[in-house]
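Given as structure tokens, the chain that follows is alone and in the form predicted on its own.
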């Protein structure tokens, strides 16, 4: 019996849409892309036309309209949906709708049940604690009792003192809140009670639930991640190492990612960095196995200056920075690893086909996020026209971008001004850093806004941060 030939709806835009299309082509799969009016000049639109013709491209009013995306899937005869990152990637309701509708499709991502279970941070914290996985100190359920809340806050302030933090801050959050609503910072235990009462009353008025969470506000930590992959059986789970995402904007948005997460062979740490990397990997696998994780996912960790790791959250999707992990990985000696292709392959029913012993990790890689923004003005987005954009091609360099290099490009104001992801590899961190600087020095990026002002980008910021990567 002839195997079913899948067609994948690429329910996203920009560079991740391009990576999904290329993965489909690599795997011999058909695809269909969507785009909005504002994205008509995006590279993913051009690639879809070149590789699939007009029948592989549909215009939609919004990437946020679930019904419109599924209507495209039906019209194009798609059999699977890849959500990329952002938009619907971690929306368990959309994932459930995809697989339970009258014309069900294959969801390329974790099952909707896993997304629901791990997408709830309180539930994830409870699960982690049950499995003896360290989590950020704080409550794992809403607190309604004032004395209990004050006792929790006192313990958190004591923890921060033990860790040697210069700043002591506890977060008080409305448990039913979201989107940054209902959060206050407390710097002293003697004012905690009044803040707790105020926020509890606010939560009752706004959300009809006066439950409050008491959490840690940590400073001076490193942000590490573990890259996980499982197949649809939920029994075969492996990792592709760690990465460090500590170089961030003022709004805690990542700007540089490095794999692996520390470099103990090249940098002296005040703690056993190799042990920390091993610990967070084993802890992440412990949770992944418990929930029968069945796709690509990322376990996010914070590591304190004393080398103590705490699980922060789980991202149940492919991440922007998956390529920096794949760049230093090999399966059975063959690399780099295309994690987007691996995600698609296992989602369509193929077994993983290898165990941890066949995965090799070697060297170091750096991913730079090239963004039109002003780092000197709190990373404010820059809007305008890209007139020149190019770089020197090198065997150690991969650039993912939806911005054309042969014609001017107007940055759509409706979306983030991300221009490219540049992944540099080296035999070790020192070589990767040297190559990273060479790439940044040779990058051609110029443009002007409507008022004639020159393009602002974060290239100088990335250059300055390169020298101290992984120093902690």
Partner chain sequence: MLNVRELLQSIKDSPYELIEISAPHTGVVTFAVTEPGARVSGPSGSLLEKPGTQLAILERERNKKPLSAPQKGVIEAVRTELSGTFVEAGTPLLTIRHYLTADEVVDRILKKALYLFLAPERAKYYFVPEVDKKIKAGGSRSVRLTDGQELFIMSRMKREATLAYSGPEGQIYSVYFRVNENVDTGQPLIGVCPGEQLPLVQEVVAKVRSEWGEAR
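Because the structure is a prediction, the values reported are computed rather than measured. Only the largest set of C-alpha atoms that superpose within 1.5 Å between the two forms is called the rigid core. Positions refer to the first chain, counted from 1.
Omitted from view is the form predicted together with the partner chain, to which the following refers.
(message) Heavy atoms within 4.5 Å of the partner chain in the predicted bound form: which stretch in 273-281, 312-320, 205-213, 344-352 meets that?
(response) It is 205-213 that comes within 4.5 Å of the partner.
(message) Contact with the partner chain in the predicted bound form for residue 383, defined as at least one heavy atom pair within 4.5 Å: yes or no?
(response) Heavy-atom contact with the partner chain at 4.5 Å: present for residue 383.
(message) in the predicted bound form, is there a heavy atom of the partner chain that lies within 4.5 Å of any heavy atom of residue 445, even though the partner is absent here?
(response) Heavy-atom contact with the partner chain at 4.5 Å: absent for residue 445.
(request) Answer for residue 438 alone: is it within 4.5 Å of the partner chain in the predicted bound form, judged on heavy atom distances? (result) Contact check for residue 438: no, nothing within 4.5 Å of the partner chain in the predicted bound form.
(message) Under a 4.5 Å heavy atom criterion, is residue 101 part of the interface with the partner chain in the predicted bound form?
(response) The answer is yes: residue 101 has a heavy atom within 4.5 Å of the partner chain.
(request) Just give me the single entry in 403, 45, 422, 70 that has a non-hydrogen atom within 4.5 angstroms of the partner chain in the predicted bound form. (result) Only one listed residue qualifies here, and that residue is 70.
(message) To verify the annotation, which of these, 411, 429, 32, 29, has a non-hydrogen atom within 4.5 Å of the partner chain in the predicted bound form?
(response) Flagged contact: 411.
(request) At a 4.5 angstroms cut-off on non-hydrogen atoms, which residues of 52-77 are near the partner chain in the predicted bound form? List them in order. (result) Contacts from 52-77: 57, 58, 59, 60, 61, 65, 67, 68, 70, 71, 72, 74, 75.
(message) Superposing on the rigid core, I want to see if residue 200 changes position between this form and the one not shown - specifically a Cα shift of 2 Å or more.
(response) Moves: yes, 2 Å or greater.
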